[in-house]
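To begin, one chain is listed below as structure tokens, in the form predicted on its own.
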């Protein structure tokens, strides 16, 4: 059995931020990072660009071997966590390897959620969550002529664009009434749908797949209205679920993810969780949510690492605020925070000339609650900070609604001084 003061399972943003935070406070404590991936660390957010061919797998590493050596971090690849004994403070991996730890960070991310579609397990399909997935999908796109994408989230829409650009006949099937339902209101979603339809992509919104069956070298998916759509490439992108089967033996409280407090501590002493696997406080109402976005992973990892190393400068997690940026066919969309209106909220919508741009600002009192935009640059990072910091807009409210980019930058320049 191997021993480590700090054991981090996972190797993406949350894990790396935690390791860096630990080393800032404790440069000598034994620290190991163990990951199921066989590659050096990379960001899952870059995978669509590997699929498109814009990025090569070897050129998008977050850290290299030298970084681990320089920081005295043992980096172990190709090991999948199988079980955690919280009472004994041990972790067992699928290979049979065991580790004893003093402090454990679970940053194991999420896995594709496969819908319970009759016959789906009997047909070939792709998912996109790892670098190996991206390489396989990239190679398959090169020869695909008819493709079906299940799910109109960010991954599905990126893939549909790449397939269309490669010359395939593409159909996107989404059970919700619109694309990107978690990010945009219907008017904005329709702008995105029109852009895809203009490129020849068939958008089947509000439809479900009831079955899948083999057809030659490919397959067919059967829609709820009885139509069959044949494809030689099928991508399933219907969401993700946190990787936490290794906690099936109990000892750590879970819900939709691993439940953590504002220092990323789980219910078990000596165990923290961060990133896509963690269910932490939401910003707006305090309810615990799983929010798989990069800024959250970075912040949660940093907080967990500082807390593990007993850094007195650690601050509590402020809560999850959604943030996503999305580029499609040369157009840009962003979504920060809430997009829906509701009691006590003001909604200000602006549609550009010819319907080519869109902006939606959601305010509550004198505080920003969310911004979404298409082809209207508003600086997502600054909008995110204004929401998180609950900046008082009372003195500049009208200016902010009219010119959010310039007004937001002015406000943040004062705050950051």
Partner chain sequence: MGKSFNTIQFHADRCDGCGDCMTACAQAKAGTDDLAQSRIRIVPAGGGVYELALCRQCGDPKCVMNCPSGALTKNAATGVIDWDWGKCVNCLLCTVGCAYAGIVFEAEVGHVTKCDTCDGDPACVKVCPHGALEYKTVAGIFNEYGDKEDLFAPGLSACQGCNSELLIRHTLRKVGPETVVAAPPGCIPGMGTVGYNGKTGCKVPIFHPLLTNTASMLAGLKKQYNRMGRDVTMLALAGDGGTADVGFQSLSGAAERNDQMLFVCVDNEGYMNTGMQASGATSFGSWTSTTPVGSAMKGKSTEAKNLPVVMMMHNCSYVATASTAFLEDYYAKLEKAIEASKHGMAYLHVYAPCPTGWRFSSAMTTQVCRMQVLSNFVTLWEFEPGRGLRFTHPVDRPRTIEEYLKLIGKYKHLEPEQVAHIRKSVHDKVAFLKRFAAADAAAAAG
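Numbering follows the first chain given and starts at 1. Just so it is clear, the structure is predicted and the values come from calculations on it, not from any experiment.
Not pictured, yet referred to below: the form predicted in complex with its partner chain.
Colleague: Have a look at 291, 323, 144, 271 for me and say which one sits with a heavy atom within 4.5 Å of its partner chain in the predicted complex.
Modeller: For this set of options, the contacting one is 323.
Colleague: Which residue, 363, 391, 32, 62, has a heavy atom that falls within 4.5 Å of its partner chain in the predicted complex?
Modeller: Exactly one residue meets the criterion: 62.
Colleague: Test of understanding: in the predicted complex, would residue 351 fall inside 4.5 Å of its partner chain by heavy atoms?
Modeller: Result no; residue 351 lies far from its partner chain in the predicted complex.
Colleague: Look up in the predicted complex whether residue 334 has a non-hydrogen atom within 4.5 angstroms of its partner chain, and give yes or no.
Modeller: Heavy-atom contact with its partner chain at 4.5 Å: present for residue 334.
Colleague: Determine whether any heavy atom of residue 26 comes within 4.5 Å of a heavy atom of its partner chain in the predicted complex, and answer yes or no.
Modeller: Outside the cut-off, so no.
Colleague: Mark residue 382 yes when one of its heavy atoms lies within 4.5 Å of a heavy atom of its partner chain in the predicted complex, and no otherwise.
Modeller: Flag for residue 382 set to yes.
Colleague: Is its partner chain in the predicted complex near all of 39, 90 and 315, within 4.5 Å of a heavy atom of each?
Modeller: No residue of the spot touches its partner chain in the predicted complex.
Colleague: Within 4.5 Å, heavy atoms only, one stretch in 175 to 183, 246 to 254, 294 to 302, 160 to 168 touches its partner chain in the predicted complex. Which?
Modeller: Going by heavy atoms within 4.5 Å, the stretch is 294 to 302.
Colleague: Just to make sure I understand: among 382 to 414, which residues lie within 4.5 Å of its partner chain in the predicted complex, judging by heavy atoms?
Modeller: Residues within 4.5 Å: 382, 384, 385, 406, 409, 410, 412, 413, 414.
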